[in-house]
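We give structure tokens for two forms of one protein chain below, kept apart as structure 1 and structure 2.
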Structure 1
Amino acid sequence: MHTNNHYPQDQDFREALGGRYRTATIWQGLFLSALLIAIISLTALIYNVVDGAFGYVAFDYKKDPAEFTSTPLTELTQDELITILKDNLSSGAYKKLENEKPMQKRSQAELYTLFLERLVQLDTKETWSMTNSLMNSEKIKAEVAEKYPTANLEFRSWLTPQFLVTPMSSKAEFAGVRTAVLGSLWLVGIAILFSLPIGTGAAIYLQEYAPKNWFTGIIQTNINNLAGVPSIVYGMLGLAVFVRVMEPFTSGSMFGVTDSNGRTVLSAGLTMGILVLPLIIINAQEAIKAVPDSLRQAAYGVGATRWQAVWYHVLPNALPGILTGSILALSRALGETAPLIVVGASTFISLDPQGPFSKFTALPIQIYQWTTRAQSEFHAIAASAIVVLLVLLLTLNATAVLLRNRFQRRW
């Protein structure tokens, strides 16, 4: 009886096998190329940011430091700086600084910064990137000597510990990101407190309790669609609902707060919570779905109710995935700018947020505001702020990995 053999034999087999290996090699090369392109792009991004945060700076003093002290600036002590500030600032300006933070409690670096900012007043002439500074050092020195003969030239790191603990200033040389970092942390805190319980609860219901019919199908489709809605749409929603409709609550007027309106850190945090809510629901559903059904059946077999099975078996095993997905979703909220602009974030504010009803700014807003300025020194501190934002994002991502490894259960 004749058998119809569909498999190649002998020479045909070797040719077919060689073709399969060639195809596999081509696809492997494409995948490797994609990986290399991604690595090169990320490296270029990081280098471009770091390149702006370091470099030569040519600066001069608007007032001669010798007018205030005969001691070299680097040798001034804390007590000497306090005396100089008290003698040369107006009584009102000194009292305001004293009320913000007592002079005796300020560090020598803080007092020195006040001395430069309020009395000597730095005048930045020009800045250079790190690459230009390293590659063309002699050329830059000659240029400064010709164009700014009285200026000082130094290689500066704009990203310093002082930069992290200093509030916003109209002078780039003295501006910091403390207020913006605190605002971002407030936003993330409010967003997670609002969205995590609601998102997890919705995921549990949709995955464990909701009947599989056309209605829940529509809900699921809309949740998936909402995850891809542009963030500025959520900003408009937050403006309409949290800033205007819920103003008595978000401004704190119903709690006795009289110096605020609806454009508060609470409104922005709730808007960010709405923005990441679909992502948290989807991630939590996937984590719950990944729990083996055999655990549920075993719980039912010993008499557990559905809620007991969910609470004692499903949730503990899904917790690593839920936490990881939620933190990664918050990483998106931390880098958003458009919703915050719509809701009413301040582009210039030097007061730290003291509560949910405070005015606020955030790191992305601060970076945006600095990059729109014409002066090169603002671009340098914008690059430094980007480094701070990247560190915060990486910290959140690392936290997600640690939580996943800490709570992950293997079966």
Structure 2
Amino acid sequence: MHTNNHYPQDQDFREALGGRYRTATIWQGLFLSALLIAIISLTALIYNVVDGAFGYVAFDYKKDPAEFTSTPLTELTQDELITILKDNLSSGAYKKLENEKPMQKRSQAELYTLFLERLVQLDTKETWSMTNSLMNSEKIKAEVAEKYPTANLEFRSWLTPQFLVTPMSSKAEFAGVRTAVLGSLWLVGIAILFSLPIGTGAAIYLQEYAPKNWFTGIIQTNINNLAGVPSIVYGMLGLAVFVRVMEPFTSGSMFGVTDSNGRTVLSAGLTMGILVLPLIIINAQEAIKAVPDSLRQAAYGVGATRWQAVWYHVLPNALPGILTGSILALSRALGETAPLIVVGASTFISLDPQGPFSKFTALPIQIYQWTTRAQSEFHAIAASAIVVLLVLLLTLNATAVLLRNRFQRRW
């Protein structure tokens, strides 16, 4: 290499070459740093969410716990708590609680929460993020002692098992995501029931039946365009069509349900179904396209009709791909917020959805609501709800990847 005489070797050339390589290194560094920025953003986002879900909280009791019991709060047993609640709540309020869930069947933790919420009336003064709590522990303690002399300071995880199973509450300390998670499940359930059969059918039509002409071309272009329509426009469509025009159907008044308007989980689910339909069609088309033609030819060769070839040979082989695509579409529906706001998710609901004609709330809606509140304790539960949402999404996507790896066939 070094003895190559045809290569220019003089000083100027070597300097120029060195310069070019330096430029090359700089540019390469720039390209890589763009990716690093993306990775840092992702890390910062996840860190920010987790950071918000734990931390110090300064709280006070509006009433002194000593008024109700002489036992230290941490040692209260289930029976003691029931007695305290029975003695101090009005009989109407106690009966209502008893009807919701019999007192004897409630766990100690649940009863203790009731005790704090209803009787001593816990009052959050201020919250701190996890990092802040760990780094400036002493400072926070001093600050609390000065600003709220009577307050207690406690390191709290806002994300608890309790948080998952408690319904909505107007107080952040006692709120949970149970109603929201159930609402989200209803929503994606309805969406997928609607869009999976129709989407797969459309994909089969386009790949197996449709003649190659201008009309098919229009359908295809149209589907690609629908995939790019902003989600809020689907919300407006849902508002106009499902909530308003189809109100007798979506409110359930057609079926004898009386206490609702069109803003039901059914309307929202159908809106979501329309929204993910193009994604499901495009994914299913890809899956069907990947099934080799020889399979179809073999089926025709032994006398199968077109549908027999599709049903017995193409579909079984395309199924893992179709399911993977559907799961990805599901995770899109799970995180989608804007159309739900437009279609009219209720912001405060503490009853589980009872059926397709219930009012509803959903996980992203709660996150939105809590994030936009001014008090920092609501930001903490918003962070906890985000963790729940991200874990759900991660599970779904992991399932999709597993499914793809397990069943994907290479032809």
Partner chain sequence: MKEETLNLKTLETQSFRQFDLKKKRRTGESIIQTLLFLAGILSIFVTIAIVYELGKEAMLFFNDPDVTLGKFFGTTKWQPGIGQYGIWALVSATLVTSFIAILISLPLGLASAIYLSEYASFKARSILKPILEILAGIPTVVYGYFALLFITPILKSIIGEQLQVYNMLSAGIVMGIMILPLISSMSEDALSAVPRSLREAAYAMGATKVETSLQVVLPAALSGIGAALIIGISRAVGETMIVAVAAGSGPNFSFNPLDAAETMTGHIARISGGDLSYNSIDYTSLFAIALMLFLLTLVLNLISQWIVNRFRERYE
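Keep in mind it's a predicted model, so treat the numbers as computed, not measured. Every residue number counts along structure 1's sequence, beginning with 1. Whichever C-alpha set is largest while still superposing within 1.5 Å between the two forms counts as the rigid core.
**Study point:** Label of the structure corresponding to the form predicted on its own
**Key:** It is the first structure (the form predicted on its own) rather than the second.
**Study point:** residue 66 C-alpha moves between structures 1 and 2 by 2 Å or more, core aligned
**Key:** No, because once the rigid core is superposed, the C-alpha of residue 66 moves less than 2 Å between structures 1 and 2.
Check your understanding: Against the rigid core, is the Cα displacement of residue 29 between structures 1 and 2 at least 2 Å?
Key -> After core superposition, the C-alpha of residue 29 moves 2 Å or more between structures 1 and 2.
Practice item. Superpose on C-alpha atoms and tell me the smaller rigid part's rotation against the larger one between structures 1 and 2, in °. Key: Smaller part versus larger part, rotation angle: 29 degrees.
Check your understanding: Taking the rigid core as the frame, how far in Å does the Cα of residue 401 move between structures 1 and 2?
Key -> So the C-alpha of this residue moves 2.4 Å.
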